[in-house]
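Single chain ahead, by itself, as C-alpha cells, in the form predicted alone.
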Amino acid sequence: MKNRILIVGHGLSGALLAQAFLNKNQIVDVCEANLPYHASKVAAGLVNPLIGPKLNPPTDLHACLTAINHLTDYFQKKCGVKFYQSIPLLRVFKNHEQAGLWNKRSITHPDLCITKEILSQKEATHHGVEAPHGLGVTNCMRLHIAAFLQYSKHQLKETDHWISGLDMYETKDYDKIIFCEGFRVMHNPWFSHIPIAPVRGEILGIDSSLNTSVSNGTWAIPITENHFIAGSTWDHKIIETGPSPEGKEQILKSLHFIKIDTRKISKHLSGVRTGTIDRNPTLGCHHKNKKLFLFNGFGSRGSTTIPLHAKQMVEYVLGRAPLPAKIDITRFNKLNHLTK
C-alpha cells in the first residue's frame, strides 16, 4: 500500500493529525506509549481569541477558527458529536489600561467580543466575580479533549490501526513516520537538535459550582454543575515532576476574583506543554532522512492552532503543498551543527 504512515504519539496533536489524514481518506497507524506528564491529559482545551495582558488575537486566528469549524462539521456528520463547544468567557481586567485595550479590541475585532461595553463591578457581582476595573465577555470555544481522545482511540482500535506501547518503528515497513511526542522530542535521536521550550503547567479541580468561565490570565472553567477546573501555571525549570504546593498556591492567589473553598479541591494535576523558542510550532521533514517527520511545539495554544496545522501537515506529507516558512522545521537547520 502506498503511503503507509505511522504517527508516534496520541496526545492532542497526534490524534488531531490522525483525524486530518482520515478526513482525506488516508489510512494511518498510531502508536501510543501512555507515558506520564502528557499535557493533553490535563489541558483545559480553551480556545481564547484575546490572550495575554494586551488582549492580542493570536496569529492566524481566523484561519484557525475556520479550521476548527470545518473539523466540527466533519465530526458532526461522522459521529454526531461536536467536540468543540462555544462558551462565553468573562475577561476580568487587572487595571484601567486593560479596560482601555478592551475598548479598542471591541472596535477592531467586534466578532470576538460579545459585549462591546465594559461591564461594571455591579454587573460582575451577578456572576460572582470581583472586578473593580470591570470586565468584558469574549466569544470562546472549548475542546472536550478527553472525550475526543477517547473517540479517536476507539476508532483506531476498531479499524486495527492502534498500537499500544513503544513500537519498533525502525524495523517496520512504513513509508513515512510522523513524531507527535510532545516534550519528549528532546530525547528523540532524529530531532533532539530542535530548540524546544517545555513548560510544566498545573491545574486544580474544585467540587463546587461556577456560573460561567472566567479569566484574568488565570482561568476557571465549569465542567459540570458542581465541578470546575482552574489553572494554569508556568514552570520552565522543573519539568518531569508532579503537581507542587507552590503551583496550587499560585493558582489560588491568581484567582482572587472568585470565591474558592479550598476544602473542595478534589484534583491537583500537572502536565508538560511543548513550545519553541520563537513560539511557532515545528512541522516538517528531517533534513536527511526523508521518511521522518515532526509535528510538534504547539504550547498552550494547541486546541486553537492544531486543526489548522494538521491540515497543512497532511498536504505537505502527501506532497501537495509546502509548509508556511514560519512553522517549517527548516528554519532551525543552521542550528547546532546538524549531523544526524
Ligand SMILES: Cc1cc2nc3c(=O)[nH]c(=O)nc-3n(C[C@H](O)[C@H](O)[C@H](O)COP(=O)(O)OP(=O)(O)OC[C@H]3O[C@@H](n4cnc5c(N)ncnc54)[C@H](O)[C@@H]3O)c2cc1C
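Just count from 1 along the sequence shown to find any residue number. Everything numeric in this text was worked out from a predicted model, so none of it was measured.
The following text describes the form predicted together with the ligand, which does not appear among the structures shown.
- Think of it this way: in the predicted bound form, the ligand has a heavy atom of just one of Leu283, Leu50, Val272, Val28 within 4.5 Å, and the residue is Val272.
- Contact with the ligand in the predicted bound form, judged by any heavy atom within 4.5 Å, is made by just one of Phe93, Trp219, Phe83, Phe257: Trp219.
- The partner is not drawn, yet in the predicted bound form one stretch among 117-125, 179-187, 98-106, 238-246 has residues with heavy atoms inside 4.5 Å of the ligand: 179-187.
- In the predicted bound form, at least one heavy atom of Ala39 sits within 4.5 Å of the ligand.
- Residue contact with the ligand in the predicted bound form: Arg301 places a heavy atom within 4.5 Å of it.
- Contact annotation for Leu210: none of its heavy atoms lies within 4.5 Å of the ligand in the predicted bound form.
- In the predicted bound form, the ligand lies within 4.5 Å of some heavy atom of Leu166.
- Contacts with the ligand in the predicted bound form, taken as any heavy atom within 4.5 Å, map within 15-44 to Cys31, Glu32, Ala33, Asn34, Leu35, His38, Ala39, Ser40, Val42, Ala43, Ala44.
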